[in-house]
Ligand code: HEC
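Before any questions on binding or motion, here is one chain by itself as C-alpha cells, the form predicted alone.
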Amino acid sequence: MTLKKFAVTFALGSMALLTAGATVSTAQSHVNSPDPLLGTPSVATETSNIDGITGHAESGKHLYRRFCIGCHGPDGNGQGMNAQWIDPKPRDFTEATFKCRSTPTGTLPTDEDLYNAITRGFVTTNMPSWRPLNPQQRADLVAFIKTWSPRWAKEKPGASLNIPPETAITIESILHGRELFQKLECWKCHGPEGHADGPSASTLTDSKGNPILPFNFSTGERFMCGDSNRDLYRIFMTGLDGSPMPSFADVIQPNDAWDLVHFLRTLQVALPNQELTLWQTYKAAHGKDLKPIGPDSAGGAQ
C-alpha cells in the first residue's frame, strides 16, 4: 500500500465522519450502546485472538467509526457514503462472506485471516493496508467486524488449509499446469495469456450482482490475497467466496495445484520470476510445438 492510497482512504473516512455531523465523543460502555453514527450490531460483543493479542469489539467500534464507516457503512453492510464511487464495492460484513481465507469455501475465516486482510489491504480495490494502525488496534477491528453478522455467534471458523511443501519448479510441472489451465477452463475468465480477457470476463458478477473483473496476470504483481506461491495455492484451493472464483480443492490433487501455480507464474510477464525464466527458455526452443490455449484446444494444451 502506498502512503497516498492510505491518505485518500483516511480522508474519505474522515469526510464521512464530518458530514454526519459528528464530534469527538467519549467511549461508550458497551458495543451495543447507542451511537449516533452506528447501527446496532447483530452480536452483542466479540473478541479476536491473533498471536497472543486479544482484540475487543468495544475498542474496535471507535476505530471502525473513525476509519471504516465511510465505505463499509454505519450498519456494516458495505453501503457507506463513499460506496457509490467505489468499484469493486466495499465488503458487506453482515453476510460474513470473505474472499481471502485459509478455510474451506463456505466457512467463516479465522481471526488471523481477517487480521491479515486488514494488514495487507487489497490491490485493485480502494481498501488500503492498515499497517499504520498498531497490532492491538487491528485485532480490535477484527473483533468489532465480527459483531455485524450473527454467523459468528452460531458457527466456528473452518479448519485452515494444510498447504503441503511446494514441488520442484520444472518445465514438466509448468507444462502440466498449462494443461490444467486449459482443462479447468481458467482461460474462459482469465484469458489464454492471463490478460483477464477471456470470453466470460465481461459477464462476471459477484454474489451481490455487481460486475467484477478476473485477475490480470500480465500486469498484476500481487494477488488480492497475497503475493507468494503459497498464497496463490491457497487462493484456488479455498476459492474467493462472494466472487465467481471457485474452490478447486475437490477437483485437483495437491501436486496438480502446485503445477498450476508454476504455470500461472509464467503469465506474470511484468514480474521477473523463476518460472517465467524457465518457461521463456523452453518456449524459445519449442514454441512451435505448443498447442494454443483456448476453444481450439479441446484435446488439451501441451
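The structure displayed is predicted, hence computed values, not measured ones. So that there is no doubt, residue numbering starts at 1 and follows the sequence shown.
Not pictured, yet referred to below: the form predicted together with this ligand.
S.K.: For this ligand, considered in the predicted complex: do all three of I174, L278 and L290 come within 4.5 Å of it, counting heavy atoms only?
M.R.: No: none of I174, L278 and L290 comes within 4.5 Å of this ligand in the predicted complex.
S.K.: Can you work out which of S243, T45, S59, T54 has a heavy atom no more than 4.5 Å from this ligand in the predicted complex?
M.R.: Filtering the options by heavy-atom distance leaves S243.
S.K.: I'd like to check something about I145: if you look in the predicted complex, is any of its heavy atoms closer than or equal to 4.5 Å to a heavy atom of this ligand?
M.R.: Yes, I145 lies within 4.5 Å of this ligand in the predicted complex.
S.K.: Is the gap between I163 and this ligand in the predicted complex 4.5 Å or less for some heavy atom pair?
M.R.: Output for I163 is no: heavy atoms all beyond 4.5 Å of this ligand.
S.K.: Can G80 be called a contact residue for this ligand in the predicted complex at 4.5 Å between heavy atoms?
M.R.: No.
S.K.: Using the partner position in the predicted complex, report whether R178 sits within 4.5 Å of this ligand, counting heavy atoms only.
M.R.: No.
S.K.: Which of the residues spanning 170-185 lie within 4.5 Å of this ligand in the predicted complex, based on heavy atoms?
M.R.: Those in contact are L184, E185.
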